[in-house]
Each structure stands twice: as C-alpha cells, then as structure tokens.
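Here's a solo chain for you in structure tokens, the form predicted alone.
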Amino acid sequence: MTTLGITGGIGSGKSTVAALLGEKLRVRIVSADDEARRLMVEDEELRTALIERFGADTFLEDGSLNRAELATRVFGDPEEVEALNAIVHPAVREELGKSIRQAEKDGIDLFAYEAALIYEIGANDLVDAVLLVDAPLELRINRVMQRDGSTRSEVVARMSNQISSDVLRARADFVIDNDGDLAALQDSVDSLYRSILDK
C-alpha cells in the first residue's frame, strides 16, 4: 500500500482533488478536518481538554461541537490557535496512524490523507509522499470569498496562518496546479494516480 498526504493552502482545491482521487478503485481518503471534528466530539479526553481551555460553551447542549463559538474564540488570535492545535493535533496524528494500519489490513492500494496542515503536525513522517495542490493567490482568494461569503481581509488573515506555497512546493513530492477547469484537474489526478500505482 502507498500512503499519500494531500495538502494545499485554503482555496487551492485540495478537497476536490481528494474527492476525484477517492473515485478510483482501492483508494481510501481520510480528511483531517472530518477526523478532528469527530474526535473533538467522541474522544472524552479531548473534550475535557477543550472545555478546560476554552470553556463549557465549546459544546452545545446536544453534545455537538459549537464550531461558531470556537471559531470566534480563536480566529485572529495566534496564541488561541496554537492552544487549540496543541490539544487537537496529537489526537488527529494518532488517529491517522490507526487509519493507515486499518487501510493496510483492508487491502487498500492507495491511502490518501487530506489536510491543510501536513508538515505542522508531522503527518509527513507517516506517509510515503506528499502532494501539494496549488493555485495562484488571487484565484484562491476569490474561490474562498465565493465559497464562504468571506471578505478579502478575512481570507488573507486565514492564509497568514498557513505555510506559504513556495515553501510547500519545495517540500512536496508531487504538485498539481489547479488553475484550469475541472477536466484539466481530472487529467492531473488521473496522471498522478497512474504514476503512484505504476511504480
């Protein structure tokens, strides 16, 4: 089995690439965001740590994560973001290891882990290679503004918390430039899939 990390800055299209790759046979995609959200609700130790650090309002009465409240608490505050990451990232990284072992048992050919933060949590040490999905800065900003209804300054502020594309390009094993249409992106994903599994 080959393991691949899929990363890229906000608005790069990494989720779209992951979805296209996930349509292939014997491929399993795991999303770091989905795993983090699930663990924050299901992992008692993690829940306790979040409540101790950010308060009881971190969770709603039904036990689900109060994402709006948590986002308000940490957005734009590097110290709060760091505190949140210090609590959540170790649990997500541990879960990634379990997911990889399970995929191997299940006979998966390609296990791909989609995450904005691959290098920041050391997930690159757990995968065979890292794919960077990238696009020109202005295109990424416009995509996020249209998708989320965010202002330009809000998008730029979120980007400032991420590793720059230049640094990611230097570190990644594969790069897909997502600056065309969906058909071009599909071709790039097909080519990547063949190159990884034909080795």
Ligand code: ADP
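Everything numeric in this text was worked out from a predicted model, so none of it was measured. For every residue, the number given is its place in the sequence shown, counted from 1.
FYI, the form predicted together with this ligand isn't displayed, but the following is about it.
J.: Could you check which residue among 169, 152, 67, 147 gets a heavy atom within 4.5 Å of this ligand in the predicted complex?
T.: It is 147 that has a heavy atom within 4.5 Å of the partner.
J.: Looking at the partner-bound form in the predicted complex, is residue 15 within 4.5 Å of this ligand by any heavy atom?
T.: Contact check for residue 15: yes, within 4.5 Å of this ligand in the predicted complex.
J.: So in the predicted complex, does residue 10 come within 4.5 Å of this ligand, heavy atom to heavy atom?
T.: Within the cut-off, so yes.
J.: Quick one: does residue 143 come within 4.5 Å of this ligand in the predicted complex, counting heavy atoms only?
T.: Flag for residue 143 set to yes.
J.: With the partner left out here, check for me: in the predicted complex, does some heavy atom of residue 185 sit within 4.5 Å of this ligand?
T.: Yes, contact at 4.5 Å.
J.: So which residues in 157 to 193, when you check this ligand in the predicted complex, have a heavy atom no farther than 4.5 Å from it?
T.: Counting only heavy atoms within 4.5 Å of this ligand in the predicted complex, the contacting residues of 157 to 193 are 178, 180, 181, 182, 185.
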